[in-house]
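In structure tokens, the next block holds one chain alone, the form predicted alone.
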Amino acid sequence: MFPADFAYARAGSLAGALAQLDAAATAGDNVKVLAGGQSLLPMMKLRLATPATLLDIGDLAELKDIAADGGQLRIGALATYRDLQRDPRITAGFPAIADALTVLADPQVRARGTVGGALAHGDPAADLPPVLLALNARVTIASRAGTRTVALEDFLRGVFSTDLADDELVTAVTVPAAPAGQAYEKFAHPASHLPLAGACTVIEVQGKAITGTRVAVTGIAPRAFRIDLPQRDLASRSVSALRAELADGDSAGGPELDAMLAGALEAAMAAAGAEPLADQHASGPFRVHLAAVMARRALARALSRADAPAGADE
């Protein structure tokens, strides 16, 4: 199919882009921002999106920078997946992001797709949002009225729905310093490579003790979301005991951990009033089961990366 007719405008500066968005919002015009275009353009071809005007911000160099300071990472909204893949600071300090980039879509999408565009799109089945959620990322948003920063948890609202007004742009994503124990796993649809279910786990270890765990999932609900694990269940295990449970993959400790993770997933969804997504590819219960398995696999890989002192868990 072909997209409906639309006008095209190219922004020469961030201020100019915000001015155009402000004018369009005031006039009630339907404007969509074009960043990488890897999600928006296919939707336009299917006429699932029919903007009157496309505002191309691809030339805004000030939104393409990737900076690290004291372990904290700041990603410009127009930084592409490939930009992140080629940045050694990502692999070194944020291996879960590197995990997601390795399995995200295909080389063409990774070359053009942008971080800010992906978050603003609000796709319920995307790889990067759960990773950034588990890493406590915050989103910087600009308008002519000023700049604000919100937690990604509050930014994501639902299916293709975010906390982004018509006159606003995502300008950056900030990720605080994170422990080495982090990983992302997904079960991908074989054709689209989108996750039927995906999970990111961040684990904090001190000596023999597991002192903190964060898990976020994607593909099973109207938005990526974090779940609260019963910390007492993990804290009751030493690092070596949990490693032993996870050592044999889907046998050994799998069923017990899967049950704990599935229970936490169901509790989080119930608290949010969300029903599991279901379609011709997978039922809701099966997606929840897959997410629990992916969370356990991510936990195993995160634990293998955790920065516990050598021999501390023996």
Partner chain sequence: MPDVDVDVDVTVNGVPRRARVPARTLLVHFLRDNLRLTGTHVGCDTTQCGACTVALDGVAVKSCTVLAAQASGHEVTTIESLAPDLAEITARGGTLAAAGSRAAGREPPASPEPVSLHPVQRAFWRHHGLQCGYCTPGMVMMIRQLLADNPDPTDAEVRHALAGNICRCTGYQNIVAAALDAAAELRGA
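Residue numbers count along the first chain shown, from 1. This is a predicted model, so every value here is computed, not measured.
There is another form of the same protein, the form predicted together with the partner chain; it is not shown, and what comes next is about it.
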| query | finding |
| --- | --- |
| Among 50-58, 22-30, 268-276, 65-73, the region lying within 4.5 Å of the partner chain in the predicted complex by heavy atom distance | 50-58 |
| One residue of 145, 151, 111, 165 in contact with the partner chain, assessed in the predicted complex (non-hydrogen atom, 4.5 angstroms) | 111 |
| Contact test in the predicted complex: residue 261 vs the partner chain, heavy atoms, 4.5 Å | no |
| Contact flag, residue 228 vs the partner chain in the predicted complex, heavy atom cut 4.5 Å | no |
| Residue contact check: residue 42 to the partner chain in the predicted complex, 4.5 Å heavy atom | yes |
| Non-hydrogen atom contact residue 88 with the partner chain in the predicted complex at 4.5 angstroms | no |
| Check all three, 3, 38 and 106, heavy atom within 4.5 Å of the partner chain in the predicted complex | yes |
